[in-house]
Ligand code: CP
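The data below hold one chain only, encoded as structure tokens and taken in the form predicted alone.
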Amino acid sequence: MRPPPHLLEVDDLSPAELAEVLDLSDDPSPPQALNGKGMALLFEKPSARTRHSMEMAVVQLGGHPVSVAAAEVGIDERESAEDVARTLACFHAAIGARVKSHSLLERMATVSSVPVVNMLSDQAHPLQALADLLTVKQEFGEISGCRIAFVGDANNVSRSLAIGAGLAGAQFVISGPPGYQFDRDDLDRIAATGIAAEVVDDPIEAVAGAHVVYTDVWVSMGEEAQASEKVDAFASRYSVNEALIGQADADAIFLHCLPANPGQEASEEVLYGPQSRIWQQAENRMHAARGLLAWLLGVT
């Protein structure tokens, strides 16, 4: 029996499959791929956008979402992650998990008889990348040929976006201070998509001519102990303000996965200004999730 498709990182999709997911995401009449079925949404880490976007995506596909806090199932305490996945697969057509460790997702996917979707891990955030790419497609008509500049930490968000940009034919460049840049494994995985991510120290060089300027918080959930060190490293040069985004293409848009810290990784003028598409991007979390689930469940 063929194993079910999973989405643990964006490159679990081929370029053609990614394009198909994005087309399904823009479908104004979503197929009822989950009619009479449920999807388990497991949260080790809380999130406003992830829970609401995933629950509504399931509803729009005719299904019933069941959000579950990690303490309710006791992963690796009451029972193993593998048995949690096996159990949830008895009741649901798909499983989504927002976890601390990517390895937990891999363990669940190995044994699950239904698709497993990464709703965020320490290594990847593929649903965010799908929403980002959908936003770029809506704004520019196509993704291929666009220059996407990420200013900030080489984290799970930037890693998934770089991979997705490569699959979609975009150019990706990231600028951050030494010590917070992609490592060799990251660059090799991105290169496997057909592009070499450009890594530069100078944010002005990164955003020059960019169609998309993207940033994220400097201190992610779970990194509170490193907050002072990270803020010191990024504060001198890596805040996206009007002067910096002014170096981008005249029609450039600004993206941020949210939540944001106005005045830190981006100024209020940029976050809420005319080039910002952060609310369209946030809404697209729902549409992208719907398109992905439709694809995973065999709708073409």
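These figures come from a predicted structure and were not determined experimentally. We number the residues from 1 along the sequence you see.
Absent from the display: the form predicted in complex with phosphoric acid mono(formamide)ester. The rest refers to it.
Fill in: Contact of residue 243 with phosphoric acid mono(formamide)ester in the predicted bound form (heavy atom, 4.5 Å)
Close contact is absent here: in the predicted bound form, residue 243 is far from phosphoric acid mono(formamide)ester, nothing within 4.5 Å, heavy atoms only.
Discussion item. Using a 4.5 angstroms cut-off on non-hydrogen atoms, would residue 147 count as touching phosphoric acid mono(formamide)ester in the predicted bound form?
Written reply: Contact check for residue 147: no, nothing within 4.5 Å of phosphoric acid mono(formamide)ester in the predicted bound form.
Worksheet item: Does any heavy atom of residue 36 come within 4.5 Å of a heavy atom of phosphoric acid mono(formamide)ester in the predicted bound form?
Response: Residue-level check for residue 36: no, no contact with phosphoric acid mono(formamide)ester.
Discussion item. When the contact criterion is heavy atoms within 4.5 Å, does residue 42 count as touching phosphoric acid mono(formamide)ester in the predicted bound form?
Written reply: Close contact is absent here: in the predicted bound form, residue 42 is far from phosphoric acid mono(formamide)ester, nothing within 4.5 Å, heavy atoms only.
Discussion item. Whether 47, 125 and 285 jointly form a contact site for phosphoric acid mono(formamide)ester in the predicted bound form is the question; each needs a heavy atom within 4.5 Å.
Written reply: All three within 4.5 Å in the predicted bound form.
Fill in: Heavy atom within 4.5 Å of phosphoric acid mono(formamide)ester in the predicted bound form - the one residue of 259, 263, 273, 62 that qualifies
By the 4.5 Å heavy-atom cutoff, the listed residue in contact is 259.
Discussion item. Using a 4.5 Å heavy atom cut-off, which of 48 to 56, 24 to 32, 246 to 254, 263 to 271 contacts phosphoric acid mono(formamide)ester in the predicted bound form?
Written reply: Of the options given, it is 48 to 56.
Worksheet item: in the predicted bound form, which residues of 75 to 101 put a heavy atom within 4.5 Å of phosphoric acid mono(formamide)ester?
Response: Residue within 4.5 Å: 98, and no other.
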